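Just one chain is shown here, as structure tokens, and it is the form predicted alone.
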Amino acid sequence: MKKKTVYVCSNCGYDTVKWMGQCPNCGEWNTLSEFSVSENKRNNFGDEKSIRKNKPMAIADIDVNAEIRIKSGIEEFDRVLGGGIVKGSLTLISGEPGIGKSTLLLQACQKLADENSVLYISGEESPAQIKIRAERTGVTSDNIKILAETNLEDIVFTAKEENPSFIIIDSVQTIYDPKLPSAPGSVTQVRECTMALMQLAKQNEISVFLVGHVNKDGNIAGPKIMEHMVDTVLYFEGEKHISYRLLRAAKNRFGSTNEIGLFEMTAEGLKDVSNPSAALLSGRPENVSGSCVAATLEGTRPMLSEIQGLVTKTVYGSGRRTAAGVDYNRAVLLLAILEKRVGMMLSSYDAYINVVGGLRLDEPAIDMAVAVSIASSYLDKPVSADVVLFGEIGLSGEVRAVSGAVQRIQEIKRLGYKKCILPEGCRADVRNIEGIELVFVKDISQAIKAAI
């Protein structure tokens, strides 16, 4: 067995046989580190002497059983997972430090441990620290076992010995394989440890949850291939100073990636927010310009969110633009449409846009609400308190139809709003809905006149 030296980039995992100051793959400087790897003799693949363990099967002969889903007891968590936890799945949950990832998984352990065994492996906290958080959040089941370990070999050995139904690894960046010369958290360690845990989950039908750190850009730390290996990738979002937390699925092999879960962080841990629309609209000011309600659709769930706009005379040569909770480039585009198509000279004004509650809305259907909130502040006229808007705005100022109009209107009616402004293109879809005033508009000018 021969050994050779390679240089591996700690940022992206690129390897080369010679050292370079800059990684040719990701462009980072001084990230190539030297490693010694074993070089086995070349195998004669395809040789008749080779032994194969698996044989190909005809697709018609493959027996497909219904996937086994286990409820976690947290309704919003199960919603994002697609209805529950799939047996033998590998799930990666990521988010900012202190956002509540460990708390969410520890609370899920309480319900799961009623009929299943759970192994909670922590590389960052001691068992005593986990016990303190468990008591605060009401986690008291005897079927939950705690292990403070970072050695991959010891983790796999313990998992096979205990044979739990669920394993939680907090976090994958702290786990290391002693056979690899690189440090814990490096690209090589994270990749190989994730691969080993994936094999553990699939071979033993254990549902494994991995907690992942994020880098300064907000992406999951480690190689991108880690996200390809796992079955589900969840992002836990929110601001530390705001009690609401949002759980999104960026990848889900067993369900939709459009679902979201809303939680509220309390002193006793995370709690489901079963009625997010009412929670997000609580405390909305009355008879104040620049505030309006948008009907959004996150997966199959309609939600009402308050969007605020503020326009003030600039003290600089050109107006400043700030957007929180909406895409900045989209906000600038809508301001340009208002100036060109409606005649509002916003170039000499500062414009600020905010989504209340710390949420981030990426759906084009919020365009009309954003534009109307800006127009309301510019004209200093409040939007009617019982009005909700949705619709996409084109560059020529036209209001275009969006999907899910029926679900949005039903949510608007349920919360007691009396009037809905929506695109003309949705008229055929909602013609049978009664009990609410529907105002159909063709362009943004009509929407402003109907709302203010």
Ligand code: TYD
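Bear in mind the structure is a predicted one, so any value in this text is a computation, not a measurement. Residue numbers run from 1 along the displayed sequence.
Absent from the display: the form predicted together with thymidine-5'-diphosphate (TYD). The rest refers to it.
Among the residues I99, L297, L310, L200, the one placing a heavy atom within 4.5 Å of thymidine-5'-diphosphate (TYD) in the predicted complex is I99. Residue A267 is the only one of A267, V315, M345, A183 with a heavy atom lying within 4.5 Å of thymidine-5'-diphosphate (TYD) in the predicted complex. The closest heavy atom approach of T103 to thymidine-5'-diphosphate (TYD) in the predicted complex falls within 4.5 Å.
Although the partner is absent here, R253 sits far enough away that none of its heavy atoms falls within 4.5 Å of thymidine-5'-diphosphate (TYD) in the predicted complex. The closest non-hydrogen atom of H213 lies within 4.5 Å of thymidine-5'-diphosphate (TYD) in the predicted complex. When thymidine-5'-diphosphate (TYD) is considered in the predicted complex, R136 lines it closely, a heavy atom lying within 4.5 Å. Comment: 90-98 is the region of 377-385, 69-77, 322-330, 90-98 lying near thymidine-5'-diphosphate (TYD) in the predicted complex, near meaning a non-hydrogen atom within 4.5 Å.
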